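The data below hold one chain only, encoded as structure tokens and taken in the form predicted alone.
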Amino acid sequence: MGLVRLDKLLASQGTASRSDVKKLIYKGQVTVNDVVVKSPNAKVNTDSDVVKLNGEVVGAEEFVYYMMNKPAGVICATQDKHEKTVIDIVPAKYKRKGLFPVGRLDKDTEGLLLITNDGDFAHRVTSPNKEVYKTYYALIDSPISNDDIEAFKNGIVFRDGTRCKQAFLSKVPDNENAVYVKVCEGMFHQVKKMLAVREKQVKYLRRISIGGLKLPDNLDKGNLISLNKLEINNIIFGEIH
């Protein structure tokens, strides 16, 4: 990994969240080459420096980036006492310390899910301000109208007054009860709630792309693949609205 910020290194190991890691550093619980360092943005060389948290050596595992075709019936969490999670179904050969799903899909929603141990990357993908759009294929109970399409462009407003950012709704050719929905936010049940405002009930939902990365047709449900640098960059920079 070479030179990296101290807080980023610790967060990448699943030690704690980025904000909690900073608190540990400020408290003097982290040393670099046996010297206490209290600056979260201090640069350390993962090839030569020895970083310790409370006297325990912290490794320098490389970041990994996976794309999963999430099946229905599993939840987007790292662990749960009652439900099977997406991390539970990651094959052993892909297991790494600190893996977590990027954003979330509902338990009954299928499709493209990113899994990583890179917190900065996850924030870049999920932050609404970064406007990385996610596209969903939805089956609904009645056809959409041009008014529905315009309402999405203008920003759907929920009953509690929450206004969604601009989104894009379009028809699927040859199926009047199927639509594509493109959003850059990840609020709870957002796509279903947005369509419900327009009096449409979602019968089936699948995420098919994030940014410029599309879910391949040949990736079976429950399986995942590693992403290369080109594909990772395509998530953030590859989409044009």
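For every residue, the number given is its place in the sequence shown, counted from 1. In this text, all values refer to a predicted model and were calculated from it rather than measured experimentally.
This next part talks about the form predicted together with ligand URA, which is not shown.
- The shortest heavy atom separation between residue 118 and ligand URA in the model of the complex exceeds 4.5 Å.
- For residue 106, a non-hydrogen atom is located within 4.5 Å of ligand URA in the model of the complex, even though that partner is not displayed.
- When ligand URA is considered in the model of the complex, residue 152 lies well away from it, no heavy atom lying within 4.5 Å.
- Taking non-hydrogen atoms only, residue 189 approaches ligand URA to within 4.5 angstroms in the model of the complex.
- Of the listed positions (205, 213, 179, 44), a single one reaches within 4.5 angstroms of ligand URA by any non-hydrogen atom in the model of the complex, namely 205.
- Across the options 30-38, 189-197, 50-58, 170-178, residues that bring heavy atoms within 4.5 Å of ligand URA in the model of the complex belong to 189-197.
- For the stretch 164-178, the set of residues having any non-hydrogen atom within 4.5 angstroms of ligand URA in the model of the complex is empty.
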